[in-house]
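The chain below stands alone and is given in structure tokens; this is the form predicted on its own.
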Amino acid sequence: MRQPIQDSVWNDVMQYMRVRFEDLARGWFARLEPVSLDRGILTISAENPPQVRYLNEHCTRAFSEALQAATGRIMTVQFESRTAEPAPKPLSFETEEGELHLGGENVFRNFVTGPCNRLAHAAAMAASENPGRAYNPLFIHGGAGLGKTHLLQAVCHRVRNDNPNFRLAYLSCETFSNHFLEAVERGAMHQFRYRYRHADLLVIDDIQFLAARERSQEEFFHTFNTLHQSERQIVLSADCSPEEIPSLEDRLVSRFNSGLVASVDRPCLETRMAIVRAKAKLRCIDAPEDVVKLIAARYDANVRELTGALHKIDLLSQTQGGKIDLNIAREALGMPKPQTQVAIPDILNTVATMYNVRLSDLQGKKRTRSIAFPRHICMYLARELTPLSLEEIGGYFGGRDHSTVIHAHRLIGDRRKTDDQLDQTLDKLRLTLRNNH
């Protein structure tokens, strides 16, 4: 029969605990409450499950002794919580937490190939078409923003489309390490290993962050071996080749190199232009060819910068009528308006007027001082103010050799250093030509 315990008895129990079991007593013991006494068992309630766990593990014998001393009868205790045990948080690697999102645009048909990435693209396609048997593991490395992630996601898309029942794991190296640490802390290594060692396709981005993490390297080593031996596809990416990753164990370097290692390099101008065209088409942006070339010429190290520049130009064009042209592109990219190029005919006309000579003489064969000197000035200014090559400049002066242009440029350049009048004349000619444009 359940019955309450007298307050005096409970006070004696707690006093006994404080005196005889001082090392076990805790401050929260004052909030313990006797619930009922039934058949020699005293039920004591604590505030929460952690307190109940402490009491069960350390205090059952002590409280039973205190109760027997207070009542003079053989009795024991049991503990219960006044609040329910919270449901355990699900393991992050058994949910989609930490999994990288597959971008809808990052498929093979949207990847622009060129000399810089052709091998990596071909290998990724082969690995996705025949996972586990072609190029396993596949290791892709290169600088930031060059398309590694695009290729990794393209592999995931292709494998998922062709093999809907495949177990796919696509995550960053940081997430893999965090999941491993969580499994260790929560005693869930069996679940962790089942998750990753039974994947049909394991894709890990930025594997270089595995360096200097000895326990994570050990676990990944065994995960790698299990997958590779069972012919499951492994695709990795990093910012450098395996042997260049610092503090990476030799046995992992050896395994990464056992498949195919492909680099993704900086794209050439033609490839960058093709990328801009592809991105513009994908986003229905009407970008003229001169704007495409401007973007590709300005950003040569990162494909993401090409996309970002295209977005800036498109946004600015929408505020100014919706039509993209070179001026809007320059404004959007913060580029100064280019000065109009000075042309050689303008130089010839301006020098001929100043020195009162005929154009035909400047471009002819005469070598008299009155003609040769103005001709040398024309060649000097053409070299300084135009982007033309030496051969192109010489062509304007009767097809003269490039060495003649070099001689004229050096002659006038040396002389103006000591001839103030010539120096002033050249400045005046330069200013006149600039003002006319």
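In case it trips you up, residue 1 is the first one in the sequence shown, and so on. Computed from a predicted structure; not experimentally measured.
The form predicted in complex with adenosine-5'-diphosphate (ADP) is left out here; the points below concern that form.
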Candidate stretches 299-307, 351-359, 71-79, 241-249 - the one whose heavy atoms come within 4.5 Å of adenosine-5'-diphosphate (ADP) in the predicted bound form: 299-307
Close approach of N110 to adenosine-5'-diphosphate (ADP) in the predicted bound form, 4.5 Å, heavy atom: yes
Touches adenosine-5'-diphosphate (ADP) in the predicted bound form: L168 (any heavy atom, 4.5 Å): no
In the predicted bound form, H179 touching adenosine-5'-diphosphate (ADP) (heavy atom, 4.5 Å): no
Exercise: T149 in contact with adenosine-5'-diphosphate (ADP) in the predicted bound form, heavy atom 4.5 Å: yes
Candidate from L333, L91, A144, A126 lying within 4.5 Å of adenosine-5'-diphosphate (ADP) in the predicted bound form - any heavy atom: A144
Heavy atom within 4.5 Å of adenosine-5'-diphosphate (ADP) in the predicted bound form - residue from N106, S216, S172, Q208: N106
Interface residues of 273-288 toward adenosine-5'-diphosphate (ADP), as seen in the predicted bound form [heavy atoms, 4.5 Å]: I275, K279
